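Below you will find one chain, with nothing else, as structure tokens; this is the form predicted on its own, and questions on how it binds or moves follow later.
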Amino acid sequence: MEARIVNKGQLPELLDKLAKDCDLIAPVKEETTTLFRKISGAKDAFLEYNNSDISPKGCFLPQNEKTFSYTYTGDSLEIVKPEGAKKTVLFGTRPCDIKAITTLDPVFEGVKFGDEYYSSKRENTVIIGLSCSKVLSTCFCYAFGGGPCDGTGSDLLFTEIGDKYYVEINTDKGKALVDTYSQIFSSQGADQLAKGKEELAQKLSGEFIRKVDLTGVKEVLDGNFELPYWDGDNYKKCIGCGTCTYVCPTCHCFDIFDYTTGDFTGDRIRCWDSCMYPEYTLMAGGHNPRPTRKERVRNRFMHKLKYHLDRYDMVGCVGCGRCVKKCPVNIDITKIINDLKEVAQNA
């Protein structure tokens, strides 16, 4: 694996050049919320963050997205699709969110039924990750094979070490970007900083306070759909607000509706939805296979810990801890995992 160095003082120059040459998406601070937006240059970027409140999945699956416009003339129906995705750089993404994007990939890039809107954005985007400098009390990415300095899934990974960034080149797309801005990337001293990155990763790995072990959890869920555990307090506490699904970087439920813009024109829109809402599974005939909060809460955690793993050989959680931090009634997926482990041990 190749590596380079970028002096911290040169990072603004790099971001300004990227913003000029393509769409640059990076973390920004809006009042008290950290999220990802298109920026015009380095002055807009907010890199002194631990993890964003809203993940960057919207770069590939926007909260609201026009899939096509239509015009009916009386004799024909004209369909106009949006232009293809522009060249984009997603900068400053934390390792857990990069892993989340790789978790979304098989959902939207299936062999039989690929999603052209997602794939177009994915193909035209370079992901530049940013290693964590701190582990939060809600973090548990290690439980899913990740880590604060894990660059898996990124094209480039920046790790801050003193007054420099150690830059790992992980893909051809990453190498092409480095070559384009070669005056900013230096190879001198990269070997020495590699050790600094290893030391940082080792230090941070010892700072996790949440003990999470998935051993035996899926086996319990495989054969116990009607597990009495789901009759407990978790669903009774849930207020169905959907916050957990909104902040989750791997949730991908969506709705589609047609919005009329004129007598014979309109747009088809795709927007985020939530399996925690009763209307999500409500059928036209009035039947709802998940009629109560119990079924909806169970489905959420079955999807994270079993269904996604069954379909794509990947767990549907990356341990970012957002749902733990944001849930207004303190439903905690790490507690649920540990509870299910206890069930497995006592079975």
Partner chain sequence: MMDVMQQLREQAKKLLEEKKVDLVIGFGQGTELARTTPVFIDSPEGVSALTWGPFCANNLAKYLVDYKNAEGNVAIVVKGCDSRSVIRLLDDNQISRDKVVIIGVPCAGQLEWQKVAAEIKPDAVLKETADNGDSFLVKTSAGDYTFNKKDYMLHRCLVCENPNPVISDITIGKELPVKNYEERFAEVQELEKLGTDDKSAYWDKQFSRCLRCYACRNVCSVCTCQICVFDQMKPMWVSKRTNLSENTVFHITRAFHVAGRCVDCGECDRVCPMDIPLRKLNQKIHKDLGDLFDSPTPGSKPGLLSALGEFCPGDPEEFM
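Positions refer to the first chain, counted from 1. Just so you know, these numbers come straight off a predicted model, no measurement behind them.
Separately, the form predicted in complex with the partner chain exists; it is not shown, and the next lines address it.
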{"property": "Proximity to the partner chain in the model of the complex (heavy atom, within 4.5 Å), stretch among 170 to 178, 195 to 203, 123 to 131, 137 to 145", "result": "137 to 145"}
{"property": "4.5 Å heavy atom contact, D332 to the partner chain in the model of the complex", "result": "yes"}
{"property": "The partner chain contact at P328 in the model of the complex, heavy atom, 4.5 Å", "result": "yes"}
{"property": "Exercise: E48 in contact with the partner chain in the model of the complex, heavy atom 4.5 Å", "result": "no"}
{"property": "4.5 Å heavy atom contact, Y246 to the partner chain in the model of the complex", "result": "yes"}
{"property": "Of I54, V315, C59, A42, the one that lies within 4.5 Å of the partner chain in the model of the complex (heavy atoms)", "result": "I54"}
{"property": "Check all three, E31, K237 and Y277, heavy atom within 4.5 Å of the partner chain in the model of the complex", "result": "yes"}
{"property": "Residues in 182 to 212 close to the partner chain in the model of the complex, defined by a heavy atom within 4.5 Å, in order", "result": "I209, R210"}
